[in-house]
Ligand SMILES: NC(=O)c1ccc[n+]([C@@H]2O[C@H](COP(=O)([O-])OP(=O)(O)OC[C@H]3O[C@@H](n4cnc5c(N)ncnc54)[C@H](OP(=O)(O)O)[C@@H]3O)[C@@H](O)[C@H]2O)c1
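Read the single chain below, which is given as structure tokens and is the form predicted alone.
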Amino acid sequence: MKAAVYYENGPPEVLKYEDVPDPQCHPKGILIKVEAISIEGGDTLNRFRGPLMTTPHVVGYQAAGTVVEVGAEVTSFRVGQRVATTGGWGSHAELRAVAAKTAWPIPDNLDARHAAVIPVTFGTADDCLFEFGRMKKGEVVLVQAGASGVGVAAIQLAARAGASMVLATASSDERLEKLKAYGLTHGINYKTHDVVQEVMRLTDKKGCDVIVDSVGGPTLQSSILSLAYRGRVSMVGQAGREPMTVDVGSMMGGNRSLSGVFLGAEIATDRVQQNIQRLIDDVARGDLKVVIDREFPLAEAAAAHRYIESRQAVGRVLLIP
């Protein structure tokens, strides 16, 4: 099969389009013919500095496609069925082998390109807001990196759950303007404004009840300083790639809390399995929107990664084999 691979960590240019052996279907897994690959922020971070689990390494968490082989111990899927999948690596390829526990059926009326985006992106946003952020109707929510895949999902989910105000940060006014269609109340351009000062101005100095932070680095401290009394930060990534420096003492006076969130730790649990299927069905019904910024051929994976790192995208960038 063809795949986007690399032999060492580094910038997007380390990605090569090559022939590699087909993956093998595990007795408890399925093999799919990939139709769409959703590039996650974690994919670019893994390419940059993550461990190479195979040589050459095929990076990637999410992909959707059609089942072409079913493991001997699997009864939940059949050949010819369309599924959305996740896994630790292996999405940037024409074929993908995954555990049956990390695959979900795609409703007949849902495009595989949209389904590819949902499990990690919407599942993570949902956990950040509700499972760990404990968001309730009427609360104020801030989404750092609002134009990211998780950001766009979190804005929609917070607005749908009745947030009194949904704030988000992004690198340009143009990107923020596009987010208003998905439930954004006020946008903050972090390149031209101090985020903490803007949050306090917009909330009459009360701060935010729940903050979704996928950036980390120094942004995490600004999230903590943007919290209301008893506010909660769900820290879910390190897209900024800078060291985490947090003054824990700044959380104490306001009884604030910080939770690290990693969907992968619970991806095979019944709770997350059912939640992701619910989110897939919500998108299929039109209750939630998948936002796709651009599509690239799999052969141009390096260009796609480069585009993501330019911070121009709103929503997800896809690869198509």
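Here the structure is a predicted model, which means the values were calculated and not measured. Residue numbers run from 1 along the displayed sequence.
Omitted from view is the form predicted in complex with this ligand, to which the following refers.
Residue-level contacts in the predicted complex: of A93, V215, A103, V140, one residue has a heavy atom within 4.5 Å of this ligand, and it is V215. A heavy atom within 4.5 Å of this ligand in the predicted complex is found for one listed residue only; from L129, C208, A145, I155, this is A145. Exactly one of the stretches 280 to 288, 66 to 74, 52 to 60, 256 to 264 approaches this ligand in the predicted complex with heavy atoms within 4.5 Å, and it is 256 to 264. Relative to this ligand in the predicted complex, residues V120, A170 and G237 are all within 4.5 Å by at least one heavy atom. Interface membership of R175, defined by any non-hydrogen atom within 4.5 Å of this ligand in the predicted complex, is confirmed.
Although the partner is absent from this view, V150 contacts this ligand in the predicted complex, with a non-hydrogen atom inside 4.5 angstroms. In the predicted complex, at least one heavy atom of I308 sits within 4.5 Å of this ligand. A residue is said to contact a partner when one of its heavy atoms sits within 4.5 Å of a partner heavy atom; T86 fails this definition for this ligand in the predicted complex, lying far away. Although this ligand is not shown here, in the predicted complex the stretch 10 to 45 places heavy atoms of E40, G41, G42, L45 within 4.5 Å of it, in sequence order.
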